[in-house]
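A single chain comes next, written as structure tokens; it is the form predicted alone.
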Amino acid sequence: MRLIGHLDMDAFFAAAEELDQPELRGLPLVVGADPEEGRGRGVVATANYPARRYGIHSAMPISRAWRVSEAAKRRGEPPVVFVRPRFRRYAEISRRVMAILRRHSPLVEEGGIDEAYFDLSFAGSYEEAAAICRKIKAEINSQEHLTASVGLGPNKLLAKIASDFKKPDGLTIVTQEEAENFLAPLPVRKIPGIGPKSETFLARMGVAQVEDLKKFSRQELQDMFGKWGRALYDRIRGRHDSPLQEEYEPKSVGEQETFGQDTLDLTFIFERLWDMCRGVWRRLLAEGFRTYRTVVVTVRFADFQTHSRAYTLPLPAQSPRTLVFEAMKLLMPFLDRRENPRRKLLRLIGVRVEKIGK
């Protein structure tokens, strides 16, 4: 019997901030860009549950989150507290949480800084596996003073969907026999792989819930979505055979920034690029890596056209100075006639390193 768990830390970044600043507990809290009184142009990284009750969610424009906060204040409710993210602190807590998981499971696949799959097949039954999940949750709570939600199922797909079912601090068990009934009433967006564009496309055909998708044959889904449509046919029925990978290794580490105003001010742009490179280097080290080979720079113009350019070094680099140098070389064409003949203003830049190693 295959028994797979998925652990998802509850509003992780926000919960970590509340842990370090107890005075924030109970208040609506957003971790993300500076809202600049509604002029900020970044996004929400994480919102705690009181903020989510206002309708604020991850990836929401920070300016919109600020307006929601102002509306709450006018209603006599507490305004949102906005804080900037501290990724090194989150990585530190994450390492300890993953260590707890590894004490209880022989196979753990980290899916990111705040989530992981883990194999409990050795338990032999859902009852025994559920008891281990409760123990994991209790240890995280007692040692880190944080809560996590866990999903338990016969595969990674069902475990991940289940972990989001009863948040925060939930434990949801879905057997293979229960899978189709469990999935049927859920919004199609709950199926991993269905993003905003696919959701909109399906909505035009009157498809809102998973059960609506089941009226299409495997061939019809393939005609709509290509090869992935065949996999989707199985996913909406709870069938998924992807194996767990022993270790999660991030493929890249990066940062990006949306400017407060569109600009071509070279001094400002270079200062932001240098600061971003330093941030990427700090995060790389915080996650236990020391080298990189590929540098990627992303630029978004004021008209929202977005371009990325990358350069792969002949040998791994382990210097922040090299990162700054290569990022500058990649950025420069977007500031002159080579890639920007119309002198369009820049809205956003980003830096990322790939092919990272220890």
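We number the residues from 1 along the sequence you see. Worth saying up front: this structure is predicted, and the values here are computed from it rather than measured. Take the two forms, superpose them, and find the largest set of C-alpha atoms that agree within 1.5 Å; that set is the rigid core.
The form predicted in complex with a small molecule exists for this protein as well; it is not shown, and the discussion that follows is about that form.
Heavy atoms within 4.5 Å of the small molecule in the predicted bound form are found in exactly one of 299 to 307, 321 to 329, 22 to 30, 54 to 62, that being 54 to 62. Contact with the small molecule in the predicted bound form, defined as a heavy atom within 4.5 Å, is made by none of E255, E287 and V353. Using a 4.5 angstroms threshold between heavy atoms, Y311 stays clear of the small molecule in the predicted bound form. By the criterion of a heavy atom within 4.5 Å, R237 is excluded from the residues contacting the small molecule in the predicted bound form. Taking non-hydrogen atoms only, E109 never approaches the small molecule to within 4.5 angstroms in the predicted bound form. In the predicted bound form, K167 approaches the small molecule with a heavy atom inside 4.5 Å. A displacement of less than 2 angstroms separates the C-alpha positions of R52 between the shown form and the other one, with the rigid core held in common.
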